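So this first bit is one chain, no partners, the form predicted on its own, shown in structure tokens.
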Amino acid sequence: MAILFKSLRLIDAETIHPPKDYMYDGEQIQVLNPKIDKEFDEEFDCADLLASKGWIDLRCMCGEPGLEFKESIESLGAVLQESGFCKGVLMPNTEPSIQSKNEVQFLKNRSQNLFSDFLIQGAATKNNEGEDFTEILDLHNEGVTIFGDGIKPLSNPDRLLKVLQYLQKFDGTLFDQSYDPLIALFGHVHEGTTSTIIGVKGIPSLSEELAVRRNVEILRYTGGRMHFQTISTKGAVDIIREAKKDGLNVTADISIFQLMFSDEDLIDFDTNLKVMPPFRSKSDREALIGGLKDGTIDAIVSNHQPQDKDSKHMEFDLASFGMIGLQTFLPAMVKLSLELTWPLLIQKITSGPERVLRSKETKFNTLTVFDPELDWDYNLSSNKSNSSNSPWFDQKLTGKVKYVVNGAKFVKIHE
């Protein structure tokens, strides 16, 4: 298979490069040498398109096993492919949790023929309950190097300390959504003016900042590697910035929808906007922008959390947390590109995640080609997920993935 992408503008962390012709030979991508006379199976005019290395999502949820009605392995694979992601890190919050070699082997076997690669986050504690440890070394023998409890924080400092020590046996990384669940208890939105106006119990920024500070100090004591997921407050950004300056092995990401909304958007009680961590204040958003620009925040994630209709179609206080975010990821980047620039955004979903994962891949063998100006309808017919818990559902969005290359695999998403 030989494919020619004509007049394609490639984006990296530094710039948007001038148009060039790129050849994909079935294994890797390279600039076409005009002196070589070669026939191609397919040629695509990409004069109006942009592209980058294949995208990586460090945080998405699959319901299988146990919660297939929210998202199955096949449906998540379809969503990742449709959204231009070549890799996705799966959270362990299934039923049962991804906590033994049986679940890991099951996921590997069921996903081996999918276009996008699944990277597995093994549960650090049984059933993600924060108490008894899983068989971490057995999981590592199955190829798992990332551990954490997904949507649940490792709030027990003794367990977090010991997990960091265990992971040093094979240089693994602890992923944690750090917040204090007792300070956040019964909270549904950010604690601030809006929570007071709408009369809903708030989650104070202190809940996140206290946990991030504590976890940084435990990491300073134990050593090891820690990745802070979905940070949302100015204080958390400041603490992680300080930890990096001190030379600790810390990285961080944020959910893309933290940049799209603030707590003020919850005034209408849209349960699709009920997420964890909650949308914070506009000043927190400015701090997140600053953290992205100065490198404190390494990656942007979809935080794709499918919920069935019954989990969301109820009173705000009773509704489940979570939003699907993969198919709307590119439209969100299109909206953010004027403020953040394409090179910065692309860095946070390519080289940034690679740094977190410590990827050693040197070949140019993944590619995501997209049209930043193409309008499309996000609705029941275009949705690839088993769930529809998105505030953008039934709206016209701008930005569509066209072609994706992942190693020896190539797909056309939209002609």
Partner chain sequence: MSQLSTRHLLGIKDITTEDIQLIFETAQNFKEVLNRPIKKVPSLRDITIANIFFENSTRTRLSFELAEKRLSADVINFSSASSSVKKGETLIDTVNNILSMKVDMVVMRHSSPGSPHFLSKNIKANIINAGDGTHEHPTQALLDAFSIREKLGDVAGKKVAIIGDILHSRVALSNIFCLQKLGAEVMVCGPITLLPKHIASLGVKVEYDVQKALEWCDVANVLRIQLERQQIKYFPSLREYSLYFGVNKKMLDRLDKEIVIMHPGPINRGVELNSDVADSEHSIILNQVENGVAIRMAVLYLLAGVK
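Residue numbers count along the first chain shown, from 1. Since the model is a prediction, treat every value here as computed from it, not as a measurement.
Separately, the form predicted together with its partner chain exists; it is not shown, and the next lines address it.
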property: Which of 74 to 82, 133 to 141, 244 to 252, 312 to 320 lines the interface with its partner chain in the predicted complex (heavy atom within 4.5 Å); result: 312 to 320
property: Its partner chain contact in the predicted complex: Gly192, any heavy atom under 4.5 Å; result: yes
property: Exercise: Asp268 in contact with its partner chain in the predicted complex, heavy atom 4.5 Å; result: yes
property: 4.5 Å heavy atom contact, Ile197 to its partner chain in the predicted complex; result: yes
property: Contact of Leu185 with its partner chain in the predicted complex (heavy atom, 4.5 Å); result: yes
property: Heavy atom within 4.5 Å of its partner chain in the predicted complex - the one residue of Lys126, Lys335, Lys201, Arg110 that qualifies; result: Lys201
